[in-house]
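Quick heads-up: it's one chain on its own, the form predicted alone, in C-alpha cells.
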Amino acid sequence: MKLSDWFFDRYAVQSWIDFFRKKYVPVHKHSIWYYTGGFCLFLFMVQVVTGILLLLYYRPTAEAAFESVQFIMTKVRFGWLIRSIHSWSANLLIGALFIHMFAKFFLKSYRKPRELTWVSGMLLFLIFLGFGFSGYLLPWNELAYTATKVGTEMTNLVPFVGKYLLVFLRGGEQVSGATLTRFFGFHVAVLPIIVTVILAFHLLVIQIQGMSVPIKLEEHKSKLKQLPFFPDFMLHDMLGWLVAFGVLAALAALFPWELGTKADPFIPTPIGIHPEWYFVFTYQTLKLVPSRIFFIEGEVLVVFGLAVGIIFWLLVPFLDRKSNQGIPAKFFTIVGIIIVIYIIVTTIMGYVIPA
C-alpha cells in the first residue's frame, strides 16, 4: 500500500481537495482586489516566522531588551536582516490591510450574506493595529518609549474607566519595565491567540461563501468568466507573494531598520517625536482640535469620536440596507472617500507641520 493511500484512507483530505477543485473565482475588471487578502496573509506569515526567530534571542526586560536587540543586529548571523524584514513586513502589513479594507468597502463586499466576513476582518484590522502598537515598544529605544507614553495617555481620556485602562496597559502609573513585560505578553501570547481564532473563522467563511462581485455585476454573475481557485488563482496569488517577498527583502537589505538610542525615562521628550505612520492621523487630529469645545475637553471629544467611528465602521454591513438590496449606496461611498482623504491629508500634515 502506498503511503498516500494509507493517509487518505484515514483522513478526509480528499474531500477538501475536491472542494478546492470545484471552487471558482469570478473574473472581472475589479478582480485584482481579490489578491489583497492573500497579500495580507503572506505578510502575516512572514511576521510569524521572523517573530519566532527574534524571540530566540530577545529578552523582555528594561535592563536587557535594548541590548538583546543590539546583539541580534550585530552578533547573530543575519540577525539585522531578520529584524529588518520583521519591521518592514509589519508596516507593509498595516498598509496592505488599509488597502484591503477600503477596497472591500467600496466594492460593497460586506453586503448580505457576508456581514460577518466584514466584522471579523475589521476585528483582525484592529488587532493588527494592537500588534503594531505593542511591538513598537519592544526594542526599548527612545522613540518607542516616548511614543508609547503618548499613546497610552490617550486611554486616560476615556470617561470613568480611563485611569484603570491606563494602569492596566502600563502595569503601573508610568511607562516602565512592567509596561515592556506586559506589552511583550500581549504581542507574543494574547494577541496571537485571539488573531488565530478570528483569522480561522474569517478564512472559513470566505471559502464557504466565495468571492463577492460588485453590485453592478451581480445580475450577470453567471455569465462572468470563472477562474479555478486551485491551482490557477492560488498560483497567481503565490506569484504575488514571491514579488512581495522580493520587495520586502530589498527594503530590508537596502534600508535596514535602525535601532536608535536606548530609552531613558529621565531625559526630556525629544523634539519631533510622533507615533508610527498608521497612528499619525489620530495624533494630528488631537493637535488640530481645540483644547475645549463648549464644556467638553477637545481630547475627550476626539477619543469619543474615534470610538463612535470604529463602531460605525464595524456595523456598516447592517446600516447599509440599500447595498443589501442590490442598490449601490452613494452615501456610504462618499463617507468612505471622505475618510480616506482625511487620513491621507492629516498623515501628511503630521510629517510636514512641525510638532
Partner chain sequence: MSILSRRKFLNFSLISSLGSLAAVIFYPIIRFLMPPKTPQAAQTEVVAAKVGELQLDSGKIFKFGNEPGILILQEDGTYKAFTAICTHLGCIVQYRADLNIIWCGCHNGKYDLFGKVISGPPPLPLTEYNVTVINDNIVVSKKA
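Positions refer to the first chain, counted from 1. Bear in mind the structure is a predicted one, so any value in this text is a computation, not a measurement.
Keep in mind the form predicted together with its partner chain is missing from the figure; the text below concerns it.
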* in the predicted complex, which of the listed residues (68, 323, 31, 36) lies with a heavy atom within 4.5 Å of its partner chain? -> 68
* Identify, from the list 41, 314, 301, 54, the residue with a heavy atom within 4.5 Å of its partner chain in the predicted complex. => 54
* Asked: In terms of non-hydrogen atoms within 4.5 angstroms, which of the given stretches 77-85, 203-211, 103-111, 133-141 touches its partner chain in the predicted complex?
  -> 77-85
* **Full three-residue contact with its partner chain in the predicted complex, heavy atom 4.5 Å, for 16, 22 and 217** => no
* **Exercise: residue 99 in contact with its partner chain in the predicted complex, heavy atom 4.5 Å** => no
* To do: Report yes if any heavy atom of residue 245 sits within 4.5 Å of a heavy atom of its partner chain in the predicted complex; otherwise report no.
  => yes
* in the predicted complex, does residue 72 have a heavy atom within 4.5 Å of its partner chain? -> yes
